[in-house]
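Quick heads-up: it's one chain on its own, the form predicted alone, in structure tokens.
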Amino acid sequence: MVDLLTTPAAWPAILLERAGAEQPTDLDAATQAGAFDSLRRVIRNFGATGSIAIIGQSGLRGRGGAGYPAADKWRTAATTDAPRRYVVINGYGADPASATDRYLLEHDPFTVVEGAAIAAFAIGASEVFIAVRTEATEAIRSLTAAIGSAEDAGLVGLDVFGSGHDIRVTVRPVQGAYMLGEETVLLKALEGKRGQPEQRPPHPAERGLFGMPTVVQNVQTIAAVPWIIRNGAEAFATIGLADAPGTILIQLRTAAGDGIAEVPLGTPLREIVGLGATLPMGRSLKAILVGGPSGGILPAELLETPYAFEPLRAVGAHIGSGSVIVADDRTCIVDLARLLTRFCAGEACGKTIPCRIGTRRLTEIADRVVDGRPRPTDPQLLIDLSEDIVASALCDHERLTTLPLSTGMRYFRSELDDHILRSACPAGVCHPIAVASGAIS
């Protein structure tokens, strides 16, 4: 089990506000702490249009990585003519190194259920599906128990709060691969079809699950909704950055262990690393991997970068799964980038040529470099191939798969050159075959 990290008292708790409850599925305790007050207020006071307006004024953006404004999705789904609509919560947690969403589902399932019900009411949907990894048995148990008790109390299900509006919430265990983090892939899986991405537009908010308008939100995004309704859009908008308000969960992993923390968006990476990064004696921080397996490898010089959507993209990383991994000076960046690229290439669905072939070629080039069989053209080939994959990719998985190697080259080029030109690994991790320069072809 991953523990919570201690954060400064000044940092607000939005997503983890009730996560410390001894019995997270105790409805009485949850309602006494404010659970479902926001849903009641939305139905009786704000209405569907007013609720979307509040979410829009708050500036809430998707926490799944892309940072798309939540209200824009809701508004599109609500105004698209269709016989029915759906809300899908992506709690799959595709990154094996991150348990942020699962932690929230296990420790405060009512917040997720309430947020999803508010979204459903706002867009006129009567069905909500919460997708969870099949092996996340504790999260499934917590959600199932929470939904059952909420239905018995008339908080979700039939005729919610006497409004005449039905909101059925269902937990859908799904089994698949890393690609399920992509929303169109998840929708295919929920339909029982092969999990492959779809060309966009149209976006799911226009045509999604079973061809109907569908709002797909990350667990953390939807969990922020009840707090916004209860405390007001302005209160939320003052937290974090002006263009990226609110908080987000991160999972910090170091040699000493890992933990989860809720941090305001825009917090410098240095402060996040400082929450729990204790390096072994005599070691120094060399790099941080931000964004999970398809994240960017950033040098220590970039620790002042704000943890937010655009600032991270500007330096070659992204929020992704919320994973922040600290690497000390014993880490070989070339080998790390190779392992990450290999993982992403293996998890690719193979629908397009850049995905099926291009990502594997990246891995092969990295293998050559690490094993001591490089070609003089490999550095430029890595750059050219990465650019081609990004330019022709169908989904973000293909685009982001290039980040570990491209950021590794961008910030640690001398280490790559040591492998290629001198058959040497400065970190002592790789043991490349010594090859005379004249024999390289």
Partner chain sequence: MSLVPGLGIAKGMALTLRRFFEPKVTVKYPEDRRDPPPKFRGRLQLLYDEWGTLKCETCFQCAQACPIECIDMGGMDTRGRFHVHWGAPETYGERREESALRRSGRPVPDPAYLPFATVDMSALDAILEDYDHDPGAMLQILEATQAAYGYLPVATLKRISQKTGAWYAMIYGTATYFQHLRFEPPTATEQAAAMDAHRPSEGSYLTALDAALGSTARA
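Residue numbers count along the first chain shown, from 1. Keep in mind it's a predicted model, so treat the numbers as computed, not measured.
FYI, the form predicted together with the partner chain isn't displayed, but the following is about it.
When contacts are judged by a 4.5 Å heavy atom cut-off, A153 does not count as touching the partner chain in the predicted complex. Although the partner is absent here, G91 sits far enough away that none of its heavy atoms falls within 4.5 Å of the partner chain in the predicted complex. Among residues of the shown chain, S149 is not one whose heavy atoms approach the partner chain to within 4.5 Å in the predicted complex. Using a 4.5 Å cutoff between non-hydrogen atoms, G176 counts as a contact of the partner chain in the predicted complex. Residue-level contacts in the predicted complex: of A233, L303, L190, L285, one residue has a heavy atom within 4.5 Å of the partner chain, and it is L190. Checking A224, I365, L180, A261 against the partner chain in the predicted complex, a heavy atom within 4.5 Å turns up for just one residue: L180. Exactly one of the stretches 267 to 275, 107 to 115, 79 to 87, 252 to 260 approaches the partner chain in the predicted complex with heavy atoms within 4.5 Å, and it is 252 to 260. Judged against the partner chain in the predicted complex with a 4.5 angstroms heavy atom cut-off, the residues L339, A348 and T352 are in contact without exception. Along 191 to 215, these residues reach a heavy atom to within 4.5 Å of the partner chain in the predicted complex: E191, G192, K193, R194, G195, Q196, F210.
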